[in-house]
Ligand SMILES: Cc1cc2nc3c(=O)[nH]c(=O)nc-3n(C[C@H](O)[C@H](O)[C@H](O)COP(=O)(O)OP(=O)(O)OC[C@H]3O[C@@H](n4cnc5c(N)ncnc54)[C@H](O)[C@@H]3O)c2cc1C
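As structure tokens, one chain now follows by itself in the form predicted on its own.
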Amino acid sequence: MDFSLTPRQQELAARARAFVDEVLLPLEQVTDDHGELPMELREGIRQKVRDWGFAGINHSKENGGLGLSMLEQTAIEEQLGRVTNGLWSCVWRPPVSLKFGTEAQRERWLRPSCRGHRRGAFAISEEGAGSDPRQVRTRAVKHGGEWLLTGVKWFVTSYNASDFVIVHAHVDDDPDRPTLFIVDKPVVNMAHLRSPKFMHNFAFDHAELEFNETPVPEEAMLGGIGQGFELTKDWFVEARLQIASHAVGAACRAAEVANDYAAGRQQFGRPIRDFQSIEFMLADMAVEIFAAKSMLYRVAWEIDQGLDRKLVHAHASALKLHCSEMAGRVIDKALQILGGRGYMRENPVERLYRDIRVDRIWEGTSEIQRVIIAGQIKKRGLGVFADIGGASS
């Protein structure tokens, strides 16, 4: 078995790391101080994403993207995860569900999004609907030749960087008819209620939106009536791989900072890395990263090999669970090694500590991942996760 990255994958990873170091890391402090990436800097960063060749990394060339494999995307995403304040989101990834749209929809929304001329946000969660999408109360009612959307959405990430929103709604209030609708901004009867502050600072906002019989033309329904959950599932798989990649990248950066500090910090006449309590923490961090990174690239490889869709969903849940929790443990140890310096906001480990906590919550909590994993074991046996040859569906 060959676990080495190809020259192409190595080149993409090196270029992504250089992009992070030269373009994104200098923006960390101003983003943290401002609460998000200042508006006046955003167009310049978009152009740099294009210049560095990272526009549309998650879509096919046919749809305006780069046509990268999942392994190639993962090599990039891991490096993007090293940056704090969610600045990795400056490298846009148009919603994967758009690839299932009609030719006209792909031409109108997907291809311009791959080029960075448009951007979409996803509106799924609500006050009473997070882990259980059947509890969504946003409804879509057909009126004449258009749909009318009514409801309130929470946690619409990157709303103020987007010019359209993909809304998950139930047709005629029926949870068996979940459907996606593309809503262009601006539109009548859609109100931005607020963008609350969170534990982390982020490049863009996380908005709450109200729809009050918001009109959507018939041609802006994505997929068919009742297909919304299946299309959202594909988005969740991609999002969970991105989170896992970013978690590995964040853990690696925290470990690098802590390792360098432990080598240079002198106490009692010697570097603190010479004390067993410190070197054991570094050893545990390295092993955790080693295991998570191996798992990450295996799952990316499985997707490229065309693994059964249900197994991909199961493995993506296991990956997201393990990597998000691993990163929390590693970054916590890194902060402990840094001591008081690690608690200062000017230190990247402090920002990583705040950033990484949400990874156990968004795009499916750790508890929901365990429900998915346990359900797969019940249906298909432990071989889904324990059979190195790959279990069948």
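Here the structure is a predicted model, which is why all the values come from computation and not from measurement. So that there is no doubt, residue numbering starts at 1 and follows the sequence shown.
The next section is about a form of this same protein that is not shown, the form predicted together with this ligand.
Colleague: On the criterion of a non-hydrogen atom at 4.5 angstroms or closer, are Ala123, Ser131 and His206 all touching this ligand in the predicted bound form?
Modeller: Every listed residue reaches this ligand in the predicted bound form, so yes.
Colleague: Residue-level contact is defined here as any heavy atom of the residue lying within 4.5 Å of this ligand in the predicted bound form; does Arg115 satisfy this criterion?
Modeller: Judged by the heavy-atom cut-off of 4.5 Å, Arg115 is well away from this ligand in the predicted bound form.
Colleague: Contact between Ile45 and this ligand in the predicted bound form at 4.5 Å, heavy atoms?
Modeller: No.
Colleague: My question is simply whether Phe198 lines the interface with this ligand in the predicted bound form - judged by any non-hydrogen atom within 4.5 Å.
Modeller: Because a heavy atom of Phe198 falls inside 4.5 Å of this ligand in the predicted bound form, the answer is yes.
Colleague: Give a yes or no for Ser162: in the predicted bound form, does one of its heavy atoms lie within 4.5 Å of a heavy atom belonging to this ligand?
Modeller: Contact check for Ser162: no, nothing within 4.5 Å of this ligand in the predicted bound form.
Colleague: Would you mind picking out the stretch of 331-339, 56-64, 28-36, 355-363 that comes within 4.5 angstroms of this ligand in the predicted bound form, counting non-hydrogen atoms?
Modeller: Partner-contacting stretch among the options: 355-363.
Colleague: Name the single residue among Tyr297, Trp92, Phe155, Tyr261 that comes within 4.5 Å of this ligand in the predicted bound form, judging by heavy atoms.
Modeller: Selected residue: Phe155.
Colleague: Can you pick out, from Glu40, Asp51, Glu367, Glu346, the residue that has a heavy atom within 4.5 Å of this ligand in the predicted bound form?
Modeller: Flagged contact: Glu367.
Colleague: Within 64-99, which residues have a heavy atom closer than or equal to 4.5 Å from this ligand in the predicted bound form?
Modeller: Counting only heavy atoms within 4.5 Å of this ligand in the predicted bound form, no residue of 64-99 makes contact.
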